[in-house]
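Only one chain comes next, encoded as structure tokens, the form predicted on its own.
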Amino acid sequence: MTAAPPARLLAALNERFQREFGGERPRVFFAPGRINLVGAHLDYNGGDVLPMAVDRGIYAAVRLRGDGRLRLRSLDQELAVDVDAAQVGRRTRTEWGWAGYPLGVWHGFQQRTGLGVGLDVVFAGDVPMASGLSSSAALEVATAVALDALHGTRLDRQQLALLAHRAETGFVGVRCGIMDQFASALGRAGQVLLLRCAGPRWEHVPFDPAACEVLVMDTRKPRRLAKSGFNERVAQCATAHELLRAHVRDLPHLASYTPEELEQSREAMDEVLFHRARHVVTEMARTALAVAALRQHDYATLGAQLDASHRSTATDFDVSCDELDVITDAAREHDAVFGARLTGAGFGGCAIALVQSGASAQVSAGVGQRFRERFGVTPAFDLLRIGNGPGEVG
């Protein structure tokens, strides 16, 4: 079993379940959100990423039912969804809204196992939506873990991660790499995940929770360009990859090329494509340095890779903004901060700072003051610690 959820959240989850559905008590499952330490925009380029499961996530109170009826509720979303199993096809429907993610997992599980009975489920989370902590992946993984446990199918964690990923990309139709679902499904206490997305292959790397914490710094700037900008970067990376295949050698992923090979193709690319590819290639080296630093318990070197990653995403990948640059610069001014970078797709939203344990309040105060002086806006802060993987709670 994984760690117990906050008592108030668990009480609210069970109360809502009984009010909606009655009957016997449900079983409760959890899947964590994630923060990616280093490896920005590498997962969809076949690169190496270094996410960690955090101590926040999504909880699901679930009970199977034999009539093929699927009833989904959430403490965090007003929309309630009731649907017959026979109505669930290959794609979500607009009217299902947030429930498309768990319904996609249910559909994939049914296709894989032949087990398509109905369920009653109430979800709740303590991971903020749209925070860059991957709440949708946690929602999917919590559903997959619950279905696996309730049916006794004993699927391994990679199979559950792939079910969750296919729900998001195939059923819901969101273009994304495998990192979010794998980070949630394969999370482990006291360790971060080195995920080689080209395999996929992975290993766990030790992370000392007493050495540092992750401070999420929300600029409160809406990420209006995040979706269109993300899709544009995906397309640019794909074009750069095709040029490298044509002018250097045929490798399966953009992240597979060396800096020297990238230089060989420079005349074949315009400046924008070259910079996008340079970010991907150099970010691979930063991830490798970050892993080596973790193995040596060298958090200063790890932090330096976060700093370098931010500079690259700001210049070569061009997904930063004034707010993200200022808030990360302000964090770096504190001796207790190892490093800082933007997180998620960029263009606004959140950044993270790797902070010595116990210093986050001081860092937040200083960063908040600097940010207010520049933009007249008070940023939000949230302290995260390394978490455990998914499972049943009790």
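Rigid core (definition): largest C-alpha set, two forms, superposition within 1.5 Å. What you are looking at is a predicted structure, and each value in this text was computed from that prediction instead of being measured. The numbering used is simple: start at 1 and walk along the sequence shown.
As for the form predicted together with alpha-D-galactopyranose (GLA), it is not shown, yet the points below apply to it.
Just one listed stretch, out of 61-69, 326-334, 31-39, 351-359, contacts alpha-D-galactopyranose (GLA) in the predicted complex at the 4.5 Å heavy atom level, and that stretch is 31-39. alpha-D-galactopyranose (GLA) is not shown here, and in the predicted complex it never comes within 4.5 Å of any heavy atom of residue 26. Interface residue remark: residue 177 is counted as part of the site for alpha-D-galactopyranose (GLA) in the predicted complex, having a heavy atom within 4.5 Å. At the 4.5 Å threshold, heavy atoms of residue 257 stay clear of alpha-D-galactopyranose (GLA) in the predicted complex, well away from it. Though the partner is left out of this view, residue 230 does reach within 4.5 Å of alpha-D-galactopyranose (GLA) in the predicted complex, counting heavy atoms only. Shown without its partner, the chain has 344, 345 in segment 323-355 as residues with a non-hydrogen atom within 4.5 angstroms of alpha-D-galactopyranose (GLA) in the predicted complex. Once both forms are overlaid on the rigid core, the distance between the two CA positions of residue 347 between the shown form and the other one is 2 angstroms or more.
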